[in-house]
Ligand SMILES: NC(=O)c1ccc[n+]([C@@H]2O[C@H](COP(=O)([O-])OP(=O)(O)OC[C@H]3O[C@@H](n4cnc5c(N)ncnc54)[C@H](OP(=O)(O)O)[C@@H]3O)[C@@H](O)[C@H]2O)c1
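One chain is shown next in structure tokens, namely the form predicted on its own.
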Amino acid sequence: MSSLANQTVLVTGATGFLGGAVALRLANDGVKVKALARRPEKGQFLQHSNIEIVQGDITDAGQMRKAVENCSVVFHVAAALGGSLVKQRKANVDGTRRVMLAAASANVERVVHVSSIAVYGYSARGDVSEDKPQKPGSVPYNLSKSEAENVVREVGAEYNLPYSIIRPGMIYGPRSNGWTTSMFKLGRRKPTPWLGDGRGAAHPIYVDDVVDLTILLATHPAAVNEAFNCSPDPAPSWREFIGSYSRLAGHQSWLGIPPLLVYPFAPLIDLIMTLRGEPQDLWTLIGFLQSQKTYKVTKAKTLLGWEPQVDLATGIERSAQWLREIGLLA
């Protein structure tokens, strides 16, 4: 049983991949969950006696104050993953401020804020610990998530509101559209195309490991006002990660596209994306995908006794069951 059993908590972004997994785990552990959803109809999978779906938007201060009432902990998982900087700032920065202020007014015991390794930016290399300076660059997601962390720290300090920050890597597993469904569709292509030989570091972390750390941060005394990486340590290569999906599809054929062929087009593509309001810093991203780096979890291991439990082979095997259920894998 969770130490939060019989308490009431709020989970924002509960109809999403990670938020849903957190909500269900808490509910199964005897926690009463308010599952915040902009569109409650997306929460059909959240049917559970301990889950109450609450309609609301994190950018609406009044709705957030009402949603947080009588909650001991807030798990802030909701985020915009794409769109212009204006759009992502509204959700990721302004929305986070509304969540934090509502939590402060309700005197909640702690806010667990879900951030991302993206806050370190595409220039990260080598061993990346939590105290490494954040250089998110101009990419809207990276920048807005870094700014959101600043909001958490500022509001936390101003209102004496305890918080913890988790920075997950590439979360995969059942119900993951990005790092399971899309990666499997890429991996089943024969040969599987990728930029370079695939020896650059990837950062896939199985959803159950992320849920474990997220919930641990809600109660562990050493987690107060601290940030923690949540990523595979050591990191596997892109070829190991995507190749695992290729093997599910019955092949190991790889088509490495030389980065030198792509570099000349990066400025033009970036210009187009910038005009759309979504700069992606492709020149730096190409190098990032080829580079070696590990987002270290030494801090979580030392202070909290946490480290990932699901290795890549096991995580892919569990994902395969779900891919069969949705008809993508025979």
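Numbering starts at 1 and runs along the sequence shown. Predicted model, so just to flag it, every value in this text is computed and none were measured.
Another form exists, predicted in complex with the ligand; not displayed. Remarks below refer to it.
Comparing 100 to 108, 256 to 264, 72 to 80, 181 to 189 against the ligand in the predicted complex, the single stretch with non-hydrogen atoms within 4.5 angstroms of it is 72 to 80. Remark: residue 194 does not count among the residues lining the ligand in the predicted complex, judged by a heavy atom distance of 4.5 Å or less.
Remark: residue 36 counts among the residues lining the ligand in the predicted complex, judged by a heavy atom distance of 4.5 Å or less.
Although the partner is absent from this view, residue 114 contacts the ligand in the predicted complex, with a non-hydrogen atom inside 4.5 angstroms. Contact annotation: residue 59 falls within 4.5 Å of the ligand in the predicted complex, judged by heavy atom distances. Only one of 168, 232, 173, 140 comes within 4.5 Å of the ligand in the predicted complex through a heavy atom, and that residue is 168.
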